[in-house]
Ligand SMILES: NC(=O)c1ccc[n+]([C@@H]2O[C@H](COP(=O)([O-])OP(=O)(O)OC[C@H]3O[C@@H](n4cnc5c(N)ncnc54)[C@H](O)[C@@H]3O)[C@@H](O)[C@H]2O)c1
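Take a look at this single chain, the form predicted on its own, given in C-alpha cells.
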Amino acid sequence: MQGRRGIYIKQIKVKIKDFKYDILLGENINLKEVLNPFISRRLFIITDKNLYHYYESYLNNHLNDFNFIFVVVEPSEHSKSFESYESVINTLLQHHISRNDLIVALGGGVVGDLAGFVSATILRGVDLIQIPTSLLAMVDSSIGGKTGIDTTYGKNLVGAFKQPILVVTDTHFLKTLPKVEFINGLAEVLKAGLIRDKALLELLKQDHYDVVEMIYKAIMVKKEIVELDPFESHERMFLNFGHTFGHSIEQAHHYEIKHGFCVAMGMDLALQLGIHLKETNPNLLTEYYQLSDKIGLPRFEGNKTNYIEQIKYDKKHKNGKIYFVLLKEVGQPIICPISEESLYDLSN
C-alpha cells in the first residue's frame, strides 16, 4: 500500500480470537495517513524524554490536524513502576480522558509495556496504538498484547493482556537508535530464529542483510505463536526461551544490564541446562555461541546460584516448579518443569 510520504512494505494481519489488527511495516510510513481514520479521537502520546527530544517536531508536523497531548516519562526500566504508572494515570485523568480517546505508545519496550498497562486499566480499557521505536519493541514487545510493570519481586509481575488496534512499525525510527540498542534487540530476533525459524538464523549469519526482511521474519514468528495461544497456556511460553534466567539477571543487577543482553545470557544458560538434562543437542550451544558472538551479544559468566532466588518469583512458577523453556534442536522448543530443590543441583 502506497502512501503520499511513505510505503508499507508489509501489512501483517493479526487475529487473536475475534480481535483483529494490522501491523504495518516499512520505512518512512505516512503517519498522518495511517492515523487518519482516528482523526476525530483525541490522542494521548506516551513517550520518553529522549524520544520526545528527537521526535517532538516530527510528530507536531505529521499530526498537526490531530488533537493530541504528550505524556513524557523517564527513559529507563524504572519507568515501569507503580509510581510512574500512577503519575501517567493521574495526568490522563487530569485531562479528562474518555473511552473514545486513544493511547499511543511511542517508544521501546518500557514505554510500550507501561502505556499498554495504562490503556488496559484506565476507565477499564481505552484503545491502544503501538508505534515501536526500538528493534526490540518492533520484533517483540509491541506484538501480542502483553503489558505490565515491575515490582520489587521481579519483572512484569503486575500486568494485563491488552491487544493494540494498530501497530505502526517504521524503520525510520531505527536511524536514531544507538548501535548498542540495535544489538540489544537482536537478542529477541535470535530467540525467534532459535525457537521457530531456521531461515531467520541463516539471515543473521550474513554480513549484510535486509533489516526490514529480518524484522518481518521475527514478527511472523511472534504472530503465529500468539495466534495459536493468546494467553500463554502452552505454545506462547516458547517465546520465553532465555527469559527465566534473563529476567532474574535483570532484577539482580537492578536493570542496569539491557534486557536483550540478559536474554542472551539466559539463552546461554537455558542451552547449558538443556544439555545438563540431556534434552538439548550439545552442538546447538556451539552454534549459538558462533552466532551470538558474531552479533555482539554476551555469554553468561558468573555463578548461577546468584539468580535462583529471583527465579522463584518467575511467572512460570507453578505448584512448586519452574517451567523452563528448553530447546532440543533449532525449531524444537520444549517446556520442562524443574522443582525448586533441583535448581541448586542444576546450578553446579
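Here the structure is a predicted model, which means the values were calculated and not measured. Residue indices: 1-based, along the sequence shown.
Missing here is the form predicted in complex with the named molecule; even so, the following discussion is about that form.
Visitor: If we define contact as a non-hydrogen atom of the residue within 4.5 angstroms of the partner, is F173 a contact of the named molecule in the model of the complex?
Guide: Result yes; F173 sits at the interface with the named molecule in the model of the complex.
Visitor: Test of understanding: in the model of the complex, would N50 fall inside 4.5 Å of the named molecule by heavy atoms?
Guide: Because a heavy atom of N50 falls inside 4.5 Å of the named molecule in the model of the complex, the answer is yes.
Visitor: Can you tell me if N156 lies within 4.5 angstroms of the named molecule in the model of the complex, counting non-hydrogen atoms only?
Guide: N156: contacts the named molecule in the model of the complex.
Visitor: Please tell me whether any heavy atom belonging to L190 falls inside 4.5 Å of a heavy atom of the named molecule, as the geometry stands in the model of the complex.
Guide: Answer no; every heavy atom of L190 is more than 4.5 Å from the named molecule in the model of the complex.
Visitor: By the heavy atom within 4.5 Å rule, which residue out of L200, I219, L271, L136 makes contact with the named molecule in the model of the complex?
Guide: Looking at L200, I219, L271, L136 one by one, just L136 meets the 4.5 Å heavy-atom criterion.
Visitor: Taking the partner as it appears in the model of the complex, which of 89 to 97, 271 to 279, 176 to 184, 204 to 212 has residues with heavy atoms within 4.5 Å of the named molecule?
Guide: Careful reading of the contacts points to 176 to 184.
Visitor: Within 99 to 118, which residues have a heavy atom closer than or equal to 4.5 Å from the named molecule in the model of the complex?
Guide: Stretch hits, in order: G108, G109, V110, V111, D113.
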